[in-house]
Structure formats: C-alpha cells, structure tokens
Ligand SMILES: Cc1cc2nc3c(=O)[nH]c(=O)nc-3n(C[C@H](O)[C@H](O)[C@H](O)COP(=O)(O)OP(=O)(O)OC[C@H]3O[C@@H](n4cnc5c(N)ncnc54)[C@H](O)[C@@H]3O)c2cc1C
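Consider the single chain below, provided in structure tokens and representing the form predicted on its own.
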C-alpha cells in the first residue's frame, strides 16, 4: 500500500484533495464511497462534462418511447460537500500532481481518479452501430419503418471483441415484442450460448425465451460484412438475409495525455485500481484494461479505489481489492431468477428466485444503488414489478426506474 496521503500545498492540516473525473456510474460510486469510507478526511471534487448523471445502460429504452430518469449532479452532490465542476480533463501531469481541463483550469490534486469511460469505435461499415444519440434516433426510425412493413428482416449482431453483449439482446427482444411478427428478427453472437457468462442454466432459460419470441439465435457467429439485403457471418462464410444490421461499437481507451495506456488506449491498473507505475493516480470502469465493460463491475472497481484512498487518508480500514462479480436478473413472464457469476473464478455462478443483492437495481453499486433508490423512490420497480415489466424483462444487470411508457410496454434494460 502506498504511503500516507498528505496535502501537497497549503497547510498540512488541510484534508488532501481528491479529484474524480467522469460523469457516469463509476465516478458517482467513487464519490459516494469516498464519503462513506473517508468521511471528511478528504476534499472531493467531481469533474464531469455533463450536468446530469450519464447512464448508458438505459440508452436502449429511448427508441421505444421511454425516458430514463435524470439526476442533476450538482444538486445531488452538494449535501455531501462535493463540488461538481462542469468541465473535462485535457491532460495530466502525474509527476507534478496537476491536471489541465478543457476550459483551461489547472488543478492540483493529492489523488486523481479517472472514471471517464471508453471511446466507441465503429466495428464495420454498413451496419447501424447503436450507442450515441444520433444512432438511437436512427434506430427509432428503423423501428417505425419495420412497423409499417418497409423493413422485413432485422439482424442484431454482436461484434467480436465485445465482452458484455446484453444491450443488443435487449434491443432484439424489445424489437420482437414491438413488431409482433411483422418482421423477422435474428440475433448473432460470438458466444456459444446466450449470455454464457452466467452459465448453462441462465443461458437455457434465455434461449427458450428467445424462441418463444420468434427470435432466431445464431451462436458462435462473427459478423464480417454488412450491406443492403444481407450480412456475412464467419466461420463458414454464411450469408444471412437482412434488410438492416444492428450492432454495438467496439471500445477503445480514453488515451488521455500524460496517462499510461496499453495498445488499445486502456489504462493499466492493479487490484486496488492504482495505475501501474504512477503514484496517486487511479482509474475505474471502461477506461481501464479490465476486459469486461459493465456498470456493476465499474462500481466494484470504484469501491476498491475509494477504500484504498480512504486508508491512505487515515480511515481505520483495510482496503479490499477488486474482485469482479457479475450480477443479473432473468425474468420472462414467469418467476424471476436472480443471477450471480464470480468471473474471477472463485465461487462460480448461482441462481435464486429471491434477490441475491439489495436493493435490486440496474447497477448494483454498493453506495450508488441506495443513493438512487432514495431519490427515485416509488419509480423504482424492484421485487414485484407489474405485468408490463414482467412481459418485457430479460436477463439484465439489475433494474433502474423508467417513467411509465408513453406507448410501448416497458422492459428491463441494461
């Protein structure tokens, strides 16, 4: 464990300054965990480029007429004594312990936490790459065209290199439910079974659910070409008829000036989130070199970082390392099944018909989930979702609220 965290400028009695960079779940979990573990032993400032919490797992609901809830960061953090600076980091001087922001500010720090996410990259031409606001609008138009018969065959294809394909499963399921047979929906994935990270039992239940919806499941298939009317899958040079192909972006690291990176731009970190070879610099979430990019795992990384910093600031605790555990919920129209998978290879996976965590929300952040539950209250469907939620639900990484739908049935989303 590194040396005691001390103030580098000003009076030594002043609490060390911790800068947290990012506007998503990993950044907010870091801030909340720091306050919970370190109290006022540290001064915390969040640097985020947006006024509201960025919550990518709910992007999939927008084309279906649903609006994710909004959380104003400044208002949420003010009671914690945490400032939200509306800005972004342009470069880092790790030796001098300062950052330069996009607005030109130079900020000193005693500890810096990067939770800035990853950069999306188009995997191939010819497909609709779902992710940014423009692509969500394009998908909504595609959906509208399919409803009136202009699109008859849709292929959802997980690109090679994506380790968390759940958003594409959700898009395929929501699309099949909306179209109700007006178009043929297929799902191609490099996995051997649906969401195989969760094990055979969960995969089997999901496969049955896809079949009931009329979704053709194409396992161990890699998309190599998409063009009007068809797609090419490998191995076997298999040609699949498809009026449109929908896929996910590949991810590359943020490549911040002054921060170590691997060949793909990701930040190399140890089990406590410390950037390898650099003092007082940490990273969590999609920006890191951990291969599975998923919100729940990002919050677990954030917890490990917060405990490490808190211990260095004098909090009486022994920081625990990051030990990745995937959490999800499988619901069709029957009894919900809660899923856990120890992807570190320890206890394996397990399923249960009662929650294995609490509160059972979209991202299972130890501090974030209760924080959001308190703010959204009754808008959070948890243990007993109504029939609209049950009908649309599929395996997901816990459930965050969305308002009542305007036209489409609500679904569990990630």
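Positions refer to the first chain, counted from 1. Since we're looking at a predicted model, the values are computed, not measured.
The discussion below concerns the form predicted together with the named molecule, not included here.
Undergrad: Counting only heavy atoms and a 4.5 Å cut-off, does the named molecule in the predicted complex sit next to every one of 105, 275 and 306?
TA: Checked in the predicted complex: no contact with the named molecule for any of the three.
Undergrad: Answer yes if any heavy atom of residue 194 is within 4.5 Å of a heavy atom of the named molecule in the predicted complex; otherwise answer no.
TA: No - in the predicted complex, heavy atoms of residue 194 and the named molecule never come within 4.5 Å of each other.
Undergrad: Taking the shortest heavy atom distance, is residue 70 within 4.5 Å of the named molecule in the predicted complex?
TA: Judged by the heavy-atom cut-off of 4.5 Å, residue 70 is well away from the named molecule in the predicted complex.
Undergrad: If we define contact as a non-hydrogen atom of the residue within 4.5 angstroms of the partner, is residue 159 a contact of the named molecule in the predicted complex?
TA: No, residue 159 stays farther than 4.5 Å from the named molecule in the predicted complex.
Undergrad: Taking heavy atoms and a 4.5 Å cut-off, does residue 60 contact the named molecule in the predicted complex?
TA: Residue 60: yes, in contact with the named molecule in the predicted complex.
Undergrad: Picking from 111 to 119, 183 to 191, 75 to 83, 264 to 272, which part of the chain touches the named molecule in the predicted complex when contact means heavy atoms within 4.5 Å?
TA: Among the listed stretches, the partner-contacting one is 111 to 119.
Undergrad: Can you pick out, from 231, 99, 173, 298, the residue that has a heavy atom within 4.5 Å of the named molecule in the predicted complex?
TA: If I apply the 4.5 Å criterion carefully, the residue I get is 298.
Undergrad: Scan 224, 240, 315, 88 and let me know which has any heavy atom within 4.5 Å of the named molecule in the predicted complex.
TA: Only one option qualifies, and that one is 88.
Undergrad: Can you list, in sequence order, the residues from 266 to 298 that come within 4.5 Å of the named molecule in the predicted complex, counting heavy atoms only?
TA: Contacting residues: 284, 285, 286, 293, 294, 295, 296, 298.
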